[in-house]
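What follows is one chain in structure tokens, specifically the form predicted on its own.
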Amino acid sequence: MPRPSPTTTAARRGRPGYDQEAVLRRAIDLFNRRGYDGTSVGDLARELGLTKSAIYHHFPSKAHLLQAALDEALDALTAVIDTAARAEQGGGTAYERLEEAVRGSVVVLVEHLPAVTLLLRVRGNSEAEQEALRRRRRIDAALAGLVRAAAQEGALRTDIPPDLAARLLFGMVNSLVEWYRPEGRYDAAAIAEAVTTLAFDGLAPRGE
């Protein structure tokens, strides 16, 4: 009886080379394409050419995959806020901290595009999603606080309420998930410069 070829044996066992990070990348891609609720661990296993037990070797459950994906985006965005807080301790103005926060948010979105895209789509249908929404609200509140502080400094126009300005400003940043593609002509630095120029020129105090 002929012995199975190495190629046949490898195919049954799944393609090699998928570590935890690679599994997470593919899971995020599937969640974004099919929706979290519409994706099963079996779907992910078929996508990778692995068994479900191989997936569970890296992540105990689908919920753990979602948690890791959302934490990736939220941890990076929280780091932007923490950087702005440290700038305040160093004597930076609210306007400077706000501008840096906007630039940092753009960079995070570009560098973690799939994870941030997933974050912006969660609706609180699971415990992990509910916690992600709570963390996102804290980030949004901190950014809105920077807008209010910059307005109080006189660095922003006063005819637009700070809360509305904050929503519009970060709505523009978040909209990047709808059209930005890594293979496009603009890198993170160019997009961050364009966003801050458009936003802060528009929010600058108006002359009498």
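From 1 onward, residues are counted along the sequence shown. Keep in mind the model is a prediction, meaning the values are calculated, not measured.
This protein has a second form, the form predicted together with another copy of the chain, left out of what is shown; the following refers to that one.
With another copy of the chain omitted here, the record of contacts in the predicted bound form names 121 to 129 of 121 to 129, 81 to 89, 67 to 75, 108 to 116, defined by a heavy atom within 4.5 Å. Among heavy atoms of residue 144, none comes within 4.5 Å of another copy of the chain in the predicted bound form.
Looking at residue 28, you'd find every heavy atom of it more than 4.5 angstroms from another copy of the chain in the predicted bound form. Under a 4.5 angstroms non-hydrogen atom cutoff, another copy of the chain in the predicted bound form lacks residue 42 among its neighbouring residues. Residue contact check for residue 198: one or more of its heavy atoms lie within 4.5 Å of another copy of the chain in the predicted bound form. Note on the partner interface in the predicted bound form: the residue among 139, 54, 63, 168 having a heavy atom within 4.5 angstroms of another copy of the chain is 168. Residues of 164 to 190 placing a heavy atom within 4.5 Å of another copy of the chain in the predicted bound form, in sequence order: 164, 165, 167, 168, 169, 171, 172, 175, 176, 178, 179, 185, 186.
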